[in-house]
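Read the single chain below, which is given as structure tokens and is the form predicted on its own.
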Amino acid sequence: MRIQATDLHLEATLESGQVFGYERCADGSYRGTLRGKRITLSARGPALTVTGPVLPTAREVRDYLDLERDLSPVYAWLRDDPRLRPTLAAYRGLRLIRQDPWEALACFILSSNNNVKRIQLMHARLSASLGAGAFPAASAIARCHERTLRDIGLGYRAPYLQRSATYVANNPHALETIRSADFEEARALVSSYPGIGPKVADCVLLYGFGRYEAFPVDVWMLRVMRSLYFKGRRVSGERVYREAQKRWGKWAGYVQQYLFHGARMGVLSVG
């Protein structure tokens, strides 16, 4: 299946730390799961090619990759700020994936004190062991013994994931309640899950619920923002969060993704 995708940077979208279920192949394509279906994505110019034994619909692909969204407001923020302009030149078309809320919640519980490679490994082991290749449903993890989760390599995160899975499995409207809440209430609801602090809560809201006003602040983003906007001063994470909200408002999360990826890849000069 071929889909028109004139404003998509597939590599940056899949390799900017927002999703963990994709593996880059030798030919530059990406193998992973979309809406429970094993697929391969490859981009050549304005065309996105989707292959696999059972294909999602074109609508599902476009929704997942947020292809219908007009990113001109984000591009305006990036273009008009000389500190951010290099990220637009390098990664125009980086989009925030509209991933499954449960998968985002689970994966960012696993992200605590972790790196992308290890989270990807955990994702792959969970998918192979409990999900028949796709990321397992909350009910599958809830039925699993904690020792099994530790054997997969989740370590101290195993009980956090199992308790969260049990709650979601036993409360079918739990995730929809988060989706329908106002932002601060949604943030509080996500923070009530075990093992989730403010940064992880913002990641879950941004990547799993499309709350683009969320602005995750970890040690790396703290360093980036201090360098670019506070002249290196040691301001708090809360001060950085407020500054992002003031500057970029409802697009703060989208701008954060360009900031994060640009700094991580050396496109932005961060002291």
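Keep in mind it's a predicted model, so treat the numbers as computed, not measured. Counting begins at 1, following the sequence as shown.
There is another form of this protein, the form predicted together with the DNA, and it is not shown here; the text below is about that form.
- P198 is the sole member of G131, P101, P198, P86 with a non-hydrogen atom within 4.5 Å of the DNA in the model of the complex.
- Between the DNA and the residues R44, R59, R223, R38, the one pair within 4.5 Å by heavy atoms in the model of the complex involves R223.
- The partner is not drawn, yet in the model of the complex one stretch among 152-160, 67-75, 132-140, 169-177 has residues with heavy atoms inside 4.5 Å of the DNA: 152-160.
- When contacts are judged by a 4.5 Å heavy atom cut-off, A181 does not count as touching the DNA in the model of the complex.
- The DNA is not shown here, and in the model of the complex it never comes within 4.5 Å of any heavy atom of E243.
- Contact annotation for F260: at least one heavy atom lies within 4.5 Å of the DNA in the model of the complex.
- At a distance threshold of 4.5 angstroms between non-hydrogen atoms, A26 is out of contact with the DNA in the model of the complex.
- Scanning 128-148 for heavy atoms within 4.5 Å of the DNA in the model of the complex gives no residues at all.
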